[in-house]
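Below you will find one chain, with nothing else, as structure tokens; this is the form predicted alone, and questions on how it binds or moves follow later.
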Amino acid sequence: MSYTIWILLTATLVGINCGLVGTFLVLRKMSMLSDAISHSVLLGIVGAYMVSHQLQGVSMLIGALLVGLLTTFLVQLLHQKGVQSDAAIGVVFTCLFAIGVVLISLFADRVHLDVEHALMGEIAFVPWDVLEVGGRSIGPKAVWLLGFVLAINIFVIVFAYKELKISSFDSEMAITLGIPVVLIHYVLMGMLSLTTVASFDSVGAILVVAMLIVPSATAYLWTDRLSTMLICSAFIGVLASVIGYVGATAFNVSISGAISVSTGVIFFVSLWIAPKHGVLRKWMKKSPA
């Protein structure tokens, strides 16, 4: 496949993964926790590098997963101790991210792992970092990693759809029905950590946050049904990726930045015209017949 197709495929996989996971974050009013985890996984990546001396592979996923779960645990712990939720998120992610930055300076300053790369990513380089089997290239490593994480996300959502749905809308009812709410919460945080680190190298930590939150928030304007919202959120992620890439090519700007801007444009258009919660719809309902 061509250079363009690989970039588009990578961006759309990021959009679908983030859209699926982000839907549950928006419904649980935990959107900013994605910001915390997307930054703190840097510590997991550095830790994995210090152990395995590799920047890719299973060790990186495990490192990010562990730090993502640690972030969730520390945020909840501080919140239970009386710290406001947003303050707890700010304290935890800045501390863990800062530790990651310090460890990079001390132990990983000679490898291709820097703070700017972690924050912004560079999707244009994805087609050149290929996976080889038997001496033959079978495509970019990022595409295979994102495809693997997408399979995990879809499996968990299909397997635990009822539990995720009930615990997202009404956690007290979920406890009454015997659903392990805490376990479901940490499973979701694990999915978030894997999605974040898989998308990390392509679009960077900051833009992962945009892809996690904005398509899902946009989908929420169009529908109240969870199944429809999941599909709509993934579709918006794909649509934003395509529009962003076309825009970046036309104006010769950052691809990741253009994709992020396109998610914002789609959101503000939906805010006005969405048939369920759009501004025009609410205005028409209030207007006398």
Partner chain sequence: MDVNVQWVFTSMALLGLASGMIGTFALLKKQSLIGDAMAHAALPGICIAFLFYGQKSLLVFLIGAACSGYMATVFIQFIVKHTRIKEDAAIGIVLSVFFGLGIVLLTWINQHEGGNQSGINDFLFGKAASLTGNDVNVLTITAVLMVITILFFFKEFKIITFDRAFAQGVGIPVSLLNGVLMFLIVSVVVIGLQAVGVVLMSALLITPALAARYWTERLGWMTLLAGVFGALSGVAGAYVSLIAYVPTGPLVIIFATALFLFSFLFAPKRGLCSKIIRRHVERKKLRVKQLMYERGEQL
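All figures in this text were calculated on a predicted structure; none of them were measured in a lab. Residue numbers count along the first chain shown, from 1.
Keep in mind the form predicted in complex with its partner chain is missing from the figure; the text below concerns it.
Shown alone here, residue 246 lies farther than 4.5 Å from its partner chain in the model of the complex, counting heavy atoms only. Not displayed here, its partner chain is kept clear of residue 3 by more than 4.5 Å at the level of heavy atoms in the model of the complex.
At least one heavy atom of residue 277 is located within 4.5 Å of its partner chain in the model of the complex. In the model of the complex, its partner chain sits within 4.5 Å of a heavy atom belonging to residue 98.
Within 4.5 Å of its partner chain in the model of the complex, a heavy atom is found for every one of 209, 224 and 267.
Only one segment in the set 188 to 196, 90 to 98, 171 to 179, 147 to 155 has any non-hydrogen atom within 4.5 angstroms of its partner chain in the model of the complex, and it is 90 to 98.
Checking 258, 239, 62, 69 for any heavy atom within 4.5 Å of its partner chain in the model of the complex turns up a single hit: 258. For the candidate set 143, 166, 83, 184, a heavy atom within 4.5 Å of its partner chain in the model of the complex is found for exactly one residue, namely 83.
Shown without its partner, the chain has 268, 271, 272, 277, 279, 282, 283 in segment 268 to 285 as residues with a non-hydrogen atom within 4.5 angstroms of its partner chain in the model of the complex.
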